[in-house]
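As a starting point, one isolated chain is supplied in structure tokens, in the form predicted on its own.
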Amino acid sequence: MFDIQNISKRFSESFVLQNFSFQISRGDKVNITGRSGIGKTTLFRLLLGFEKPDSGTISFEGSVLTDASVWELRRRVAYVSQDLNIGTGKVQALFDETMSFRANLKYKEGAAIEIPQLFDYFELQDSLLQKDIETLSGGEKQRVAIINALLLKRDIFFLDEISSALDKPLRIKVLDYFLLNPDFTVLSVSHDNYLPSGVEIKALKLN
């Protein structure tokens, strides 16, 4: 699915990634580790075309990413950031806005059914839909962001420390949701050592 060959990226005089290569197949679960500032989030931005490598190539499903082809990739990927600034206004309004985009309209009817189911799984009260996002806890914001991404019906997930504000039982539920689904291809930046049994997790360490 992804074929990254000898990519390098530097900012100013410092390399964030240098001659870096890896491959990801459909359904792979990849845990990305490395010290702070080593390039984990930059890797996501490169794969999504928001940054360009200084050298090397990034291919998706057999085609080298270009300014034109990257839009097809973005339609397949849901990116959940560690950033807790997910917007303002009511939680329901956030979901409504997501479903209002032309690419997502076909999922709008199903979202009305799916949101209560996801709230139940991720242990959120239905009343939270009418709360202002600014009043939510960090853990609530993380789970709302996750649900918002799941409503897009993507099959590739880039997850950047998405359970950092959750307690251990909820972290396990969140990670299980993504890692136990064979149809999901998951690239996850996480410092959590939890690994569900029966699932092969590929380790990708950035040095």
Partner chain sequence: MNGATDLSAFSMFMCAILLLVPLIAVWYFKLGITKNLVTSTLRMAVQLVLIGFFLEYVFKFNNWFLNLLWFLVMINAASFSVIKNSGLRIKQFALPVLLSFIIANFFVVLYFNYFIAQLDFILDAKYMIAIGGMVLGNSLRSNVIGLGDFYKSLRRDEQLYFYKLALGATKYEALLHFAKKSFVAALNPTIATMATMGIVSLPGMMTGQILGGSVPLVAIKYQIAIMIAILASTVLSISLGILFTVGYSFHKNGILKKEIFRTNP
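Numbering follows the first chain given and starts at 1. Note that this is a predicted model, so its numbers are computed, not measured.
Although it is not shown, the form predicted in complex with its partner chain is what the next lines describe.
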Checked 173, 26, 153, 45 for heavy atoms within 4.5 Å of its partner chain in the predicted complex; positive is 45
In the predicted complex, the residue from 100, 135, 127, 117 with a non-hydrogen atom within 4.5 Å of its partner chain is 100
Taking its partner chain in the predicted complex, would 11, 21 and 56 all count as contacting it (heavy atom within 4.5 Å)?
no
Answer among 26 to 34, 178 to 186, 165 to 173, 66 to 74 for heavy atoms within 4.5 Å of its partner chain in the predicted complex: the stretch 66 to 74
Any non-hydrogen atom of residue 87 within 4.5 angstroms of its partner chain in the predicted complex
yes
Taking heavy atoms and a 4.5 Å cut-off, does residue 83 contact its partner chain in the predicted complex?
yes
Give a yes/no on whether residue 79 approaches its partner chain to within 4.5 Å in the predicted complex, heavy atoms considered.
yes
Indicate whether its partner chain has at least one heavy atom within 4.5 Å of a heavy atom of residue 92 in the predicted complex.
no
Which of the residues spanning 127 to 147 lie within 4.5 Å of its partner chain in the predicted complex, based on heavy atoms?
145
